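Heads up, the chain below is alone and in the form predicted on its own; it's given as structure tokens.
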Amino acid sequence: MQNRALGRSGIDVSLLSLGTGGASQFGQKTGVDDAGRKRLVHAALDNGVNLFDTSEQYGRSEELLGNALEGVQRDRYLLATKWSYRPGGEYAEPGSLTESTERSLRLMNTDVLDIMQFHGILPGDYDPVVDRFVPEMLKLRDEGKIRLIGFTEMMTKDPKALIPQMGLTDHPEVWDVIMLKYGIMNQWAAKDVLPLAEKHGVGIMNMAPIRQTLTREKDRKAMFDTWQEDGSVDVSSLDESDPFGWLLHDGVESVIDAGYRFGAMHSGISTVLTGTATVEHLEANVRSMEAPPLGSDDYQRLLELFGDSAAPN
């Protein structure tokens, strides 16, 4: 497994990382038991994955991840979790971040969280989050309870929301890590955010190289129709029945395989998350990360076709 620098942190992170959210929520919604989760985590470790991402909002994922990692040497893995600053829709009370951090430490049986992130900053909330909660986050870092500070982009109906760009423009010294979505049909981050991240040494976790607009025919067609109507992306040159078939050659096995490879090709990306709950899917995604990148002609065509794309899902 290839490793990349996590921004300016001095930490190397595996190109593929394992998330415990998504549709399955670490198998909580798909019937995976504790033994299955442990097999998944150990398969990830055996394949060189060293970053595990979770959240206090993913059901019991923090506790279940802590259990699955029991007995594993702590220096073999990194833990990233998230905190919701708007539980129930209102801003959290002072001290809630500290309480959540201490709870996460207990649930995951660790003394330090490698990455603590504000979960899904909404448009209009960036400045209040910085003013209300960043001082508490910095205090937790000074106390040694967390190592790196970050935030995640919210999956909104406005995929061109500028929250990551605001963070990198207004307070690049605060943020060590930002989690966002970047993929074949959502390349908006490459315009400004990824270059800014590289400039300031901020690590980028790509949480969405594969979304339903890429893999589900109905959703993909709806997105194509929208783009054609508003003129933002010209997909008229693609075969409507098989728009990405031209990518499947020279060892590229599927659109999903192509999507994972594409999601890691920008030099501003530190790691690509997979939210799978099965060893089979995990190992397929590992193969994508270990395979050569997409051919230069295919990659360039994707950039030309979808460089202005911003699919919401």
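It should be emphasised that the depicted structure is a prediction, and the values quoted were computed from it without experimental measurement. Note that residue numbering begins at 1 and tracks the sequence as displayed.
The form predicted together with a small molecule is left out here; the points below concern that form.
**Q** When the small molecule is placed as it is in the predicted bound form, are 21, 179 and 281 each within 4.5 Å of it, taking any non-hydrogen atom of the residue?
**A** Checking in the predicted bound form: 21, 179 and 281 are all within 4.5 Å of the small molecule.
**Q** Residue-level contact is defined here as any heavy atom of the residue lying within 4.5 Å of the small molecule in the predicted bound form; does residue 104 satisfy this criterion?
**A** Taking the distances in the predicted bound form, the answer for residue 104 is no, it never comes within 4.5 Å of the small molecule.
**Q** Since only the chain is shown here, I'm wondering whether residue 274 would be in contact with the small molecule in the predicted bound form (any heavy atom pair within 4.5 Å).
**A** So residue 274 counts as contacting the small molecule.
**Q** Test of understanding: in the predicted bound form, would residue 119 fall inside 4.5 Å of the small molecule by heavy atoms?
**A** Yes.
**Q** Would you please decide whether residue 256 lies within 4.5 angstroms of the small molecule in the predicted bound form, comparing each non-hydrogen atom pair?
**A** Heavy-atom contact with the small molecule at 4.5 Å: present for residue 256.
**Q** Just one of 163, 185, 207, 115 has a heavy atom within 4.5 Å of the small molecule in the predicted bound form. Which one?
**A** Only one option qualifies, and that one is 207.
**Q** Let me know the one among 153, 198, 219, 125 whose heavy atoms come within 4.5 Å of the small molecule in the predicted bound form, would you?
**A** Checking each option against the small molecule in the predicted bound form, the one that comes within 4.5 Å is 153.
**Q** Tell me, please, which stretch of 242-250, 51-59, 263-271, 65-73 lies within 4.5 angstroms of the small molecule in the predicted bound form when heavy atoms are compared?
**A** Within 4.5 Å of the partner lies stretch 51-59.
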